[in-house]
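We begin with a single chain expressed as C-alpha cells, specifically the form predicted alone.
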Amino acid sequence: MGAQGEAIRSVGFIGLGIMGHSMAGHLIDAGFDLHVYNRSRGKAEPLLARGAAWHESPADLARVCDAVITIVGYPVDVRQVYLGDAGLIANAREGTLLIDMTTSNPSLARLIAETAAARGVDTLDAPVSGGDVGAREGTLAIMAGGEEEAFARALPLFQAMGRVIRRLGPAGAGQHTKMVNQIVIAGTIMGVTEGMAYARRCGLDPEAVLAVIGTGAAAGSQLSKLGPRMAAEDFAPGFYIHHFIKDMGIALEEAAAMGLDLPALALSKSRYDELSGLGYGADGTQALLRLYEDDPGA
C-alpha cells in the first residue's frame, strides 16, 4: 500500500500534545494501524497500550506508513520534521501522503508541497479548530489545502477526527483559512473576557449572566466554552496562550504582506504578549481575564 490513489491503512502520527493525543486515539478507533513518534515517549504510552507502534524518529516512521499526520508546536518544528535528510519527505515512500495539521505559515506549506511533489509524495496543510474539547470528541473543524486527489485519500482520516471538513484550495489555503479563524476568535475572546470582567466588577453572578446572554445575540462557541472557565477561574489550557500568540503573529505577518491593517488583531496580540510576559504563556486563552484583575501578576 501507499501508492497514489490507494486506500490508507497505516498512519503515522507525530505530536501527541493536548490535541494530538486525542486525535491519534480516534484513528485507532477507526481501525487504522497507528504508528507514533513524539519527543517525549511518555505521552505516547497510553496509545502504545492500545496497540500503536513506537518509532524512534520521524524518518523511521515515514518509511513504513501510507500516510503521516503531524501536529507540532511552531513553524520551526514543522520545518525540522518535514525538510532535510532526516525529515519526512526525504524518507517517505513514493505515494505517501503527508498531512500537517499544525497551525503554521502558508508559505511553508507551499514549500513543503513543492519539495514533496519532486519526490512523488503528496501533501496537505490541514490545520484544525475546536480546541481540546473538539479533539477529544472528534468534532474538529478541518480546513485543508492541497490537491483534490490527496484530499480524497485523506478524507477517511479526517472523518475520524472531525465533523466539518473542507478543502479550501491549493497548498497554503488551509493555513490561510486558519488565519481567518484565529483573527475572528482573537477579537471574540477579548469581547468575552471584557464582558466577564464587567459582570464580576459590578457584582453580578457570572454563571447567571452566561445562562442568559448565551441564549441571545452574544451566543457563540467562545462564550459557551471559555465563559464558564472564566467564571470558575479555571485557566488550565485547552489551547495554550503561547501557541495563540504564534498564530496571531503569523496572521499579522501575512496581513502586512498583503497591505492589510488589522488593528483589533494587533491589540489582542499585545494583550496576550503582556499576559505571557507575566509568566502565563502556558495557561489557556481564557486566562486573559487575569489582566482585568487588580493584580494580574499575583
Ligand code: NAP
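When you see a residue number, it is the position in the sequence shown, counting from 1. Keep in mind that this is a model prediction, so the values were computed, not measured.
Not on display, but discussed next: the form predicted in complex with this ligand.
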Contact assignment for this ligand in the model of the complex, among V81, A113, A186, L210, heavy atom within 4.5 Å: V81
Within 4.5 Å of this ligand in the model of the complex, heavy atoms considered, which of R271, K246, H26, R63? K246
Listed range touching this ligand, judged in the model of the complex by heavy atoms within 4.5 Å, from 252-260, 27-35, 45-53, 237-245: 237-245
Any chance E147 has a heavy atom within 4.5 Å of this ligand in the model of the complex? no
With heavy atoms only and a cut-off of 4.5 Å, decide whether E194 touches this ligand in the model of the complex. no
Please check if T96 has a heavy atom lying within 4.5 Å of any heavy atom of this ligand in the model of the complex. no
Answer for I14 alone: is it within 4.5 Å of this ligand in the model of the complex, judged on heavy atom distances? yes
Note that this ligand is not shown here; using its position in the model of the complex, name the residues of 174-210 with a heavy atom within 4.5 Å of it, in sequence order. K178
